[in-house]
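A single chain, nothing else alongside it, follows as structure tokens in the form predicted on its own.
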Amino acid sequence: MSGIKDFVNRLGMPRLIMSIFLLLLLIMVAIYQLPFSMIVSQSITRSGINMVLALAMVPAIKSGIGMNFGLPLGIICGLIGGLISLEYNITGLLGILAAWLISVPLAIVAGWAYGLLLNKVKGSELMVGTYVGFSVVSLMCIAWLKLPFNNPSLGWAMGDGLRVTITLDEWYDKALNELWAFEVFGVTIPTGLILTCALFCLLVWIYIRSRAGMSLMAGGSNPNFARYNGINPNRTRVVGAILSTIIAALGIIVYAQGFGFYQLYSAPMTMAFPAVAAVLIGGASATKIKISNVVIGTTLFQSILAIASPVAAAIFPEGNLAEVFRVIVSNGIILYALSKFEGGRFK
């Protein structure tokens, strides 16, 4: 009995519940004889295209900012970079690279300003970050109507402004997903996407173990100790905000090419919540996080979503109930993760 209790404590009740839920969904897949290989392929792809956004939580938490609910700030920088690459009709992998290169300077400036703001409101980072994210997205709803993009594929057929959803068929739709992709027993392995996620995770892991990364963690975990050793905690918090914003900008481009479209206006407003929920499910807290938390949490969260839709379609074939069920599951997982988040830890 004590062995089971120790196992549950090590795994964590939220992760155990999500794992059991995933297992039940897999049983339903077998019962309804759904295409298992297709579902696994979708799970792998969804996990990959969402993982970089979740990875943006690592430098924020390590630097002492906590969960970065201001993630939409970086996402907006990535969207601007992506749209500029589309404006000049840069296609394929070169288009993705151009979008990354354009978005990084924007994210550095935005992250620097965001970090300075968070230093002024210590203890209220969650509330202020959420407000900043919502405010920036709302402001950009006006900007998308006024920014001088001239490519006719980006704007409305009539009137001014950019379209809400801009498909990437002409540019780099699924360019990373299909790079070196192959099949194993009917399961599609998106090699390029997996390697991209692995590269970003590796770069963050290397940075954390560098001298600069050690300073970042020292400033975040123990500010007084850091000061005594000549480290400025306020500066490391700004660096953490900049890095988190940069990764979010890069992540939204990976996300967009994976789904095959950019979504503007209000779409980025709540994108911080799935990323936060994923790392919480993976075992992170407001003060501690590892790369493995990102990988495990994102894979578990996105796999559940990937399987929930076809299972719901099999159970409720009438109307659009499958999509309603998917939304309920998605928001339910997010709500459950956040409800277990108390005092900077997962209960």
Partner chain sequence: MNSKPVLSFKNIEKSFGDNLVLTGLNFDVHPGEIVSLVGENGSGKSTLMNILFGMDVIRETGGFKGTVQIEGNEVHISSPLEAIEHGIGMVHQEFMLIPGFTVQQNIKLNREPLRKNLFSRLMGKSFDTIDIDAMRRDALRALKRVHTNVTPEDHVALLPVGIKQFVEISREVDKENLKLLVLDEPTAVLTETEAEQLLEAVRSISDEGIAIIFITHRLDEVFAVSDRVVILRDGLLVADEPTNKLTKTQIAEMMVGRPLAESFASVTKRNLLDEDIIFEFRDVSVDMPGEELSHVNLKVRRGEIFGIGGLAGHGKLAVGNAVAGMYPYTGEVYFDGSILNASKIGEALKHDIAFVSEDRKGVGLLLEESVIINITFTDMIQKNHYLKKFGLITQYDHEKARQDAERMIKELEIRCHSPEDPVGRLSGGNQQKVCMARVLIANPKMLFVSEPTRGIDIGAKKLILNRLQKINHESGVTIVMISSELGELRSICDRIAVISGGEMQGILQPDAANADYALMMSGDPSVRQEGGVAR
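Just so you know, these numbers come straight off a predicted model, no measurement behind them. Positions refer to the first chain, counted from 1.
The form predicted together with the partner chain exists for this protein as well; it is not shown, and the discussion that follows is about that form.
Exactly one listed residue, out of 214, 145, 189, 116, brings a non-hydrogen atom to within 4.5 Å of the partner chain in the predicted bound form: 214.
Here is the short version: of 225, 149, 112, 131, the single residue with a heavy atom within 4.5 Å of the partner chain in the predicted bound form is 225.
The candidate stretches are 66 to 74, 308 to 316, 285 to 293, 41 to 49, and the one lying within 4.5 Å of the partner chain in the predicted bound form by heavy atoms is 285 to 293.
Although the partner is absent from this view, residue 229 contacts the partner chain in the predicted bound form, with a non-hydrogen atom inside 4.5 angstroms. Proximity of residue 157 to the partner chain in the predicted bound form falls outside the 4.5 Å heavy atom cutoff.
Using a 4.5 Å cutoff between non-hydrogen atoms, residue 209 counts as a contact of the partner chain in the predicted bound form.
By the criterion of a heavy atom within 4.5 Å, residue 221 is counted among the residues contacting the partner chain in the predicted bound form.
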